[in-house]
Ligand SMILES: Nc1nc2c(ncn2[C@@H]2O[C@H](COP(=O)(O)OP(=O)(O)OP(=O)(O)O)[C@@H](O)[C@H]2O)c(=O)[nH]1
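Below you'll find only one chain, the form predicted on its own, shown as structure tokens.
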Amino acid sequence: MTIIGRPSVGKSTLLNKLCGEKVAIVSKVPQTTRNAIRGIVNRDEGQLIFVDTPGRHSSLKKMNKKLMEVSERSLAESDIVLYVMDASRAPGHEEEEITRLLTPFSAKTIIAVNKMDVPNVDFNRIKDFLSLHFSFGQTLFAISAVTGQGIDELVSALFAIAGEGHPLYGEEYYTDQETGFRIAEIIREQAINRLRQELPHSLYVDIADMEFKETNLWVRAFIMVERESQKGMVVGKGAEVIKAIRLGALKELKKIFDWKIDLDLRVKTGKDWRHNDRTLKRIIER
């Protein structure tokens, strides 16, 4: 099933909560998610497969169009749609666009109103908006991806409408991401949480080489930026920023992988990569 919503509604946090493990990276930067991220939930009732998608944002920029294509492909391929809304923000133009997009899929859509743990949220404001723009019936759930409020009820509802079939993954799986992709995402998460202004959107991580050496995995990775002037910001005075990114990434990777990772992390320029079709295809559609 596809998880869809506008940026920063907590889709990735929800996916991690559902799976009980870190599947998707999380930051306060809108559109942190750039790919279709698959998470797998195994319970006594069976197996659910979720696909987290980039936040839907109105923009004519080439990269944003590519991100929107990711969510639209996932919608067309899914049996169920989980539409995540933010109880702490008033619905706006982006929500109207999403409800229009989801209208053909309304019969298979469940809505989760997230961030109910935030003080002074207005759940009725969401209900009033939906009553005007979308047919949601009884498939509306108030949840908190942070505290777990309403998560069990939501999962039970999803199992109730899911079709029967054989599990596609073993019970030990909570994601099917490749090792290189997971490492690149963790590095990117650490980088964007330490950088400001436009830089988080101006970088991606390229895994140049990986090699097992006895019980260790050696990785050479490049943080790719758009302009030479941005390299110094990522490196920082006395290389303090890139050191912090590297150590933060290693700490997170230690929680995910059983083997020790040796990380050789550098910064490189990929001039105007956000306007390069070949590069966008490689990093967004992988």
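None of these values were measured; they are calculated from a predicted model. One-based numbering along the sequence shown.
The form predicted together with this ligand is left out here; the points below concern that form.
From the list 103 to 111, 167 to 175, 144 to 152, 212 to 220, the contact stretch for this ligand in the predicted complex under a 4.5 Å heavy atom rule is 144 to 152. Every residue of the trio Pro7, Ser12 and Val26 has some heavy atom no more than 4.5 Å from this ligand in the predicted complex.
Under a 4.5 angstroms non-hydrogen atom cutoff, this ligand in the predicted complex has Gln31 among its neighbouring residues. Glu72 falls outside the set of residues with a heavy atom inside 4.5 Å of this ligand in the predicted complex. When this ligand is considered in the predicted complex, Val118 lines it closely, a heavy atom lying within 4.5 Å.
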